[in-house]
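Below you will find one chain, with nothing else, as structure tokens; this is the form predicted on its own, and questions on how it binds or moves follow later.
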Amino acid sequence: MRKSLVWLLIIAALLALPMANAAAEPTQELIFALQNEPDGIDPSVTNNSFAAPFLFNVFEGLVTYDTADGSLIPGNAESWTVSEDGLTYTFTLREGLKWSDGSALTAKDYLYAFKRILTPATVAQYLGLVTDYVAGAQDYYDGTGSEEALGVKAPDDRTLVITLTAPAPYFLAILTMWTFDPVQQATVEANGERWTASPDTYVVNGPFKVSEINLGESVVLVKNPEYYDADKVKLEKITFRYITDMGTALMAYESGEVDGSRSFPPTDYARLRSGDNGLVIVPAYATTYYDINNAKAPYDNVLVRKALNLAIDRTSLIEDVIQTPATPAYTLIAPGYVVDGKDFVEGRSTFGLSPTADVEGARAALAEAGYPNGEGFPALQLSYYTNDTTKKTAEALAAMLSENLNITVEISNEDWAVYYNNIQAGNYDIGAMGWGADYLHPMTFLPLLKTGDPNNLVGYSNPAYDELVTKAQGETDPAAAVKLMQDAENIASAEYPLLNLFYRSNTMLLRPKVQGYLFDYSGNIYFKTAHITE
């Protein structure tokens, strides 16, 4: 009996061995390197794309994007209707929505977010997304309109009604922007501007919530169990590490220290593309350009701005500097928006610009502006924010402008937060910038040059341009809207308000073991349904 028992125990142990040796489920944790720390993570305030990795993963609005195919799908709203005149959107929120602290999330939270954006003290950078579209919003912001006249109502906890000033067929796409995410009134009013500074007060409603904020080092997200679709969230933890030097970030990726990196040195692009290195490339609806301070002499002279644009060798910037997929840009709006099978940019003028520099034309324009051979032209301050690729681009631009226009160019550099404050304040001559589309429509670009828009950082103003943009915003016929927007762009492009460089692609590094994420045309990364597969 004793021997039989022993053998039975041995056999049971042997049968258990495969279970013990079976591969364990992969840990659902991700470490991702970011090269820039955002200026803030308040969805009602910031327009900084560096905040996108956080905001699109810890907040969710009325509508969102399907991580499988990028299509527009319900978010916090389970359904909606649009009135026949295209002016009134009525959203029904999902039942039982909660904030990350477990408290109820209702339509009144959305109403509060709208009113907060329309409070001047909030300094909302995407203010125009509300005042340009929502009825009564501009008057409310100006202090001349009442809450009763504001086109946002919450008649009950699950119903939100938004009324527009004019039909805007692309309004649902606009609502995917973090600007329209709800914010919890209690935590904002209790903590003021500091509500985003601590995980304890940063109350959110998305698939993840913040568990750690280590300034200058990292932000850690963990799964939010209060999220209505928490069952589909597989990642338990995401650590966003700030590794500002792209070479260092690449080393961390290749050594296995991190699982992904938003950027990498351009000089490594060819090598990374040739192997199975986790290089991800998607077409971008985005433009890289430099702001020109149109409100400051001598850059208030259209001939000076034309000379600057003519002096740039865009092909060299693409092939020798950024060394990633891109095409020369002569205007602001990138390719990608298609109506009736025709891209918005098809047949568009180049406004006298070419892939390589037109030195003779550039010097002629500068001479006509009153600076023959560069004589008398003040030293040009070329500013950029801390970033390896931006640094190399700025150095290449400085060499081109100096040599081709015979002017003095001085380069300055600051960390993003300080740099962007100076750009917003107009304390610059020419400064590195760019725009990744917030939604797939030319209107995401056009307000950048509209008089008075918070995102118009170059001081450009043309009433004819403004009128066409306003008309296009309310045009319900897509083809007619395209014509209005093209006419507007033609007006601005002929006055060279920006130093447009190239239309770029979005690239990043992410290990193939990470599946189920969305990397979209704006370079935004959604990890809601991502999971580790190895």
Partner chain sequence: MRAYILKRLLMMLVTLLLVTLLTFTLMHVVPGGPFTRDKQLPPSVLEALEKKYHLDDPLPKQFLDYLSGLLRFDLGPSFKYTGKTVNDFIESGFPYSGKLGLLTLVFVLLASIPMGILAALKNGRWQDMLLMGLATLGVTIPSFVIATGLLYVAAFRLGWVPTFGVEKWQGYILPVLALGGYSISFLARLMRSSLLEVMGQDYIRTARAKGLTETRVIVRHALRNALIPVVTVLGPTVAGLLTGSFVIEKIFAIPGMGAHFVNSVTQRDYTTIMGMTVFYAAFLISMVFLVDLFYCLIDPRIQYK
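Quantities reported herein were computed from a predicted structural model and do not represent experimental measurements. Residue numbers count along the first chain shown, from 1.
Another form exists, predicted in complex with the partner chain; not displayed. Remarks below refer to it.
This chain appears without its partner; in the predicted bound form, the one residue of 136, 128, 361, 298 with a heavy atom within 4.5 Å of the partner chain is 128. Though the partner chain is absent from this view, in the predicted bound form it lies within 4.5 Å of a heavy atom of just one residue from 123, 104, 73, 186, which is 123. Within 4.5 Å of the partner chain in the predicted bound form, a heavy atom is found for every one of 141, 194 and 216.
Across the options 186 to 194, 227 to 235, 346 to 354, 332 to 340, residues that bring heavy atoms within 4.5 Å of the partner chain in the predicted bound form belong to 186 to 194. Although the partner is absent here, residue 461 is not a contact residue: none of its heavy atoms lies within 4.5 angstroms of the partner chain in the predicted bound form.
Taking non-hydrogen atoms only, residue 241 approaches the partner chain to within 4.5 angstroms in the predicted bound form. Taking the partner from elsewhere, residue 258 is found to have a heavy atom lying within 4.5 Å of the partner chain in the predicted bound form. Using a 4.5 Å cutoff between non-hydrogen atoms, residue 49 counts as a contact of the partner chain in the predicted bound form. With contact defined as any non-hydrogen atom lying within 4.5 angstroms of the partner chain in the predicted bound form, the contacting residues in 411 to 440 are 415, 416, 417, 418, 420, 421, 424, 438, given in sequence order.
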